[in-house]
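Shown below, as structure tokens, is a lone chain in the form predicted alone; questions about how it binds or moves come after it.
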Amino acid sequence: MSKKTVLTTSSGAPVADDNNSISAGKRGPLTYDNHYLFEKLAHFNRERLPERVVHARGTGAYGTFTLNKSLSDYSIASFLQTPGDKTEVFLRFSTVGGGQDSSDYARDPRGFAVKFYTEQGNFDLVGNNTPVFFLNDPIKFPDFVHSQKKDPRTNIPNPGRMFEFWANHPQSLHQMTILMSDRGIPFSLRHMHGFGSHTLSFWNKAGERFWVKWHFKTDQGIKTLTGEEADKMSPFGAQQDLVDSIDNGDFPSWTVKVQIMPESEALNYKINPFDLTKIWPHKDYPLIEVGSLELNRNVDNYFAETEQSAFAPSNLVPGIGASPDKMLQARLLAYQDAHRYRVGANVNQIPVNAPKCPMNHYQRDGAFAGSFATNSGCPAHGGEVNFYPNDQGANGAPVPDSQLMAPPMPVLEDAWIGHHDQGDEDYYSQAGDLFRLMSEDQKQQLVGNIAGGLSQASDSVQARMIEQFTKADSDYGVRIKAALS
């Protein structure tokens, strides 16, 4: 006969009764010595973290990145050196604008965030299923998100407000065209591409810097839904599809590719290579296949792993760095700040976020300090010295490694510090190029999707949006105008 496992309180004391509270008689009131009841209720009141402001609704899984082509000529990153090397990853998919109460099939970008557990720390690639974004200046990000959230008066979505923001910010036209196209609602999380979107940097042993963009091309093929088809889907369908496919051994995979631009070419390139609203044309910087990513293990506990997972573009490793991308620069602060607020100061000690390699740092204290140290390979840092420099280096106290220093970041122009308007940038050509690549059916879907929301905006907003569409392609503008009338 197997040994009975005794239920305990969170402090380890055995529980005698988990069905009945202590009361003064069968029909009497509860008494104040119901400490086990109080523990359960108090914990229950605190079981949810604050909802993410964006990317609230998500699902994740573990997997493996396999390097097929060495990138040692471009980067000293340890996991990019030897073909055949495998790196464990955790990938979280998400919808962006909606809350936890939204549907898996909203017309919305999909977050595509990958945590690489490398030998030299975690590298987080925080992107979407689109290669561009709505903005190239982070000062507008709170305003943009406010416009996409529920109306503050009615608490229901308001497409008119969305288009009112876009009408005032032509930089959004490219991404908005993608969102309103047939690719705006993926059939599943497995049937969509992923992109790092931001421009990052590589540097090699010689100290040479290269600008880089990451691409993840789905091996399952692109599959999408129309708005009408999406309305018929289960709101949890995409999450269930991913969990079921992995449980059944049908592991989804993506071919990993990069675009690489030598540092010297950035200054005179025809577009700003650090503008998140623009792609790098493949004819100028072809996709280079470097590896594959497979998801092959579901989480054991959604809250402990997926909900507490935290990705930040500031999680970089030697050989991979930031760039002058303004949106990226702001996110180096904002993402980690959001996680410390939402989860806590020691968010990176939680097992799903903790590096698989040893951690050696001088951060101490805060809620849960050291609680998960054994899971990450990090010592508990009990009474050791907690500052640097110190006199304990010979005794194993951590010291910096100057050989891993990134090369100096160049200032790419005769720069003056101030508010630099980007309104004179070309925000129309690439949106027009995308429109001209579409089939007739895709163009009809795009126009119908735009007209459905734009019809709810004011005449002024409609006029400004039509002007933007026309600048991108005259036929684009004519079609939208006709649909509205």
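Here the structure is a predicted model, which means the values were calculated and not measured. Residue numbers here begin at 1 and follow the sequence given.
Another form exists, predicted in complex with a small molecule; not displayed. Remarks below refer to it.
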(request) Select, from the options 190-198, 229-237, 213-221, 356-364, the stretch whose residues sit within 4.5 angstroms of the small molecule in the predicted bound form by heavy atom distance. (result) 190-198
(message) Within 4.5 Å, heavy atoms only, which of 92, 278, 161, 169 is in contact with the small molecule in the predicted bound form?
(response) 92
(request) Select from the listed residues 406, 261, 288, 330 the one whose heavy atoms reach within 4.5 Å of the small molecule in the predicted bound form. (result) 330
(request) Give a yes/no on whether residue 138 approaches the small molecule to within 4.5 Å in the predicted bound form, heavy atoms considered. (result) yes
(message) Although the partner isn't part of this model, could you tell me whether residue 342 comes within 4.5 Å of the small molecule in the predicted bound form, counting any heavy atom of the residue?
(response) yes
(request) Report whether the minimum heavy atom distance between residue 252 and the small molecule in the predicted bound form is within 4.5 Å. (result) no
(message) Contact with the small molecule in the predicted bound form for residue 315, defined as at least one heavy atom pair within 4.5 Å: yes or no?
(response) no
